[in-house]
Ligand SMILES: Cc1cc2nc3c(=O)[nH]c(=O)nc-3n(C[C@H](O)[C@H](O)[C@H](O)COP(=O)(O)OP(=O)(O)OC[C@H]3O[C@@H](n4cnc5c(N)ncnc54)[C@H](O)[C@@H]3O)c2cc1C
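A single chain comes next, written as C-alpha cells; it is the form predicted on its own.
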Amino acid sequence: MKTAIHWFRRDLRITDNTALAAASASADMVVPVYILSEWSDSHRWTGPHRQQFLCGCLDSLAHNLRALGGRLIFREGNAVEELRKLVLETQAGAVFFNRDPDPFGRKTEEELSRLGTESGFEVIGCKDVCVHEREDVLTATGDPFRVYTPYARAWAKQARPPVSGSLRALRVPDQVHSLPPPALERWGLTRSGEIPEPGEKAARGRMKKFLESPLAAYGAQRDIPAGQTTSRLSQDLRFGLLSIRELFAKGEARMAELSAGERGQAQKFTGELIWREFYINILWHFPAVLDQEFNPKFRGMAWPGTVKDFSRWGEGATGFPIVDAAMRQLNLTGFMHNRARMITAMFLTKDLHLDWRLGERYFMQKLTDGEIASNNGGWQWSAGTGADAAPYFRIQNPWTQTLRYDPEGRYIKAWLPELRDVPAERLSAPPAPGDRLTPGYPLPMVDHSEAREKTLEMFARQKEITAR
C-alpha cells in the first residue's frame, strides 16, 4: 500500500517494534502518530512521575524518528476518532498498532476494528508487549492458568519469536499536520529530577549495565532494598523503550557466559519476567480483577481501616521505619524496591486493615513504572486475595523483614534522614512503649502482633460467610 499509520502507545522505541516494522514493510510511507489523552491529578491510573517520564520518552522517540528521516505526529482527543480523521487525511490503507493487555486499551482496539470494517481500512494489531500473550499459554483443556508455577513451565516450552532489530529509514508524508510535543506545563506539573532518564537510548544503557554485572548476583541480591540490586528496567518495559524479546535474548546470551552458580542466580530474573507475563495474562482473561478480588471467597470482605491511617501510610509516618522509608522513596522518586512493595502492601492490608484497592490506586498514581497488571497482581498477592497469592495467613512482620533485608539500616537511613544516628539494631525491633527512636519521629501506630490476630479473624469470618 502507499501509506500506513503506526499508532504508538506503550511501544516508544524504533528497535524491534513489531507493529512499526510491519507497517514499514507494508507501505511506501508510514505516519507514526501518538495520540494524547486528557489527564488530571485525580486520575486513577497515572500520576506526575509517569507523565514526566512519558514526555521525555516522546521527545526521545521524536528525535529517533527524525534520525530515520521521519517525524512523530501528535494528535489529541479520542483515539478512535483521531485515527479516523488521520486515515481520511492521509488516505492510509491500514492502521498498525501493538496490542495493549489492559481492558481499557482492549476496548479501544475493538472500537477501532469496527470502524475499520465500516470505513474500509485494515486494522492490524500485533503481539509486542509479551513474549507469549493471551492464547499462547493455556492449560491442556484450553483454559487460562491461575497458578504461576505450571504457567511458567508451559511458558518455557513455547517457541520464542525472533528479534527483528531496528529500522533503517522511514518515509513520512510531508503534509501531515502535527500538534506540538506535550510538555509538563499542559498538565500543570513541575519537573522532578528523581526519575530515571527517559528514552530508548537511556533504557538500552540501563539494560547493558544490568546484564554486565547485577544479573550474575540477582538471586542473592534482589531482595535487598539498599543500592541497585534489581534491574531497574520496569519503567522501560512499561513504556516499551525496550523489547521484551530482545531483553530475553540478550539475557540468555549473557547467561551463557556465566558460571553455573551465576546462571542459577540469573535464572531468578527470568522468573520475574515470566511473573510479569503471568499477571498480564491474568488481566487479559480476568479483567474483573481491577475491581474485585480474584479469589471469590474474599469478595465483599469488610476492611475496617480508617482514612487517617491511610494518610499516615501514604505520608510515610507510620512509626515503622522500613514502611516509612519505602513510602518516602516512592513519593519522592516514583520508584519502590519490590521487597519494599510487598512490605508496605502487607502493612496496609494486614496491619492497618485497609482495602487493597486504595493501595493499588496510590501506587499507580505515584509509580513511574506503574504497570496495571503487575501492580494489581502484586497488591492482590500481598492482600491474600489474588491469583497464586500469598495465603492470607502469611503476614510479613515489618520488624523481622527489616532485620533480614536491611540489618544495617542502609535503606532506612537513606530515606529517613532523621534516623541516621539511630543504632541499626533499634530499627529492626519494636520500641518500648513511649520510647521514640528520635524526637519528632512517630511511635508505631499499631502493635503488629495484635493487628495480625485481627487480620486472621477478618479472613476467617469472611470464609465462613462465603461458605454459607
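Numbers follow the displayed sequence, beginning with 1. Predicted model only: the values in this text are computed from it and were never measured.
What follows is about the form predicted in complex with this ligand, which we do not show.
Residue heavy atoms within 4.5 Å of this ligand in the predicted complex occur in exactly one stretch of 96-104, 227-235, 109-117, 151-159, and that stretch is 227-235. A single residue from the set 369, 200, 324, 293 has any heavy atom within 4.5 angstroms of this ligand in the predicted complex; that residue is 369. The contact residue chosen from 336, 86, 395, 79 relative to this ligand in the predicted complex is 336, the criterion being a non-hydrogen atom within 4.5 angstroms. Using a 4.5 angstroms threshold between heavy atoms, residue 243 stays clear of this ligand in the predicted complex. At a distance threshold of 4.5 angstroms between non-hydrogen atoms, residue 132 is out of contact with this ligand in the predicted complex. Under a 4.5 angstroms non-hydrogen atom cutoff, this ligand in the predicted complex has residue 375 among its neighbouring residues.
By the criterion of a heavy atom within 4.5 Å, residue 249 is excluded from the residues contacting this ligand in the predicted complex.
Residues 269, 272, 273, 275, 276, 279 of 248-285 are found to place at least one heavy atom within 4.5 Å of this ligand in the predicted complex.
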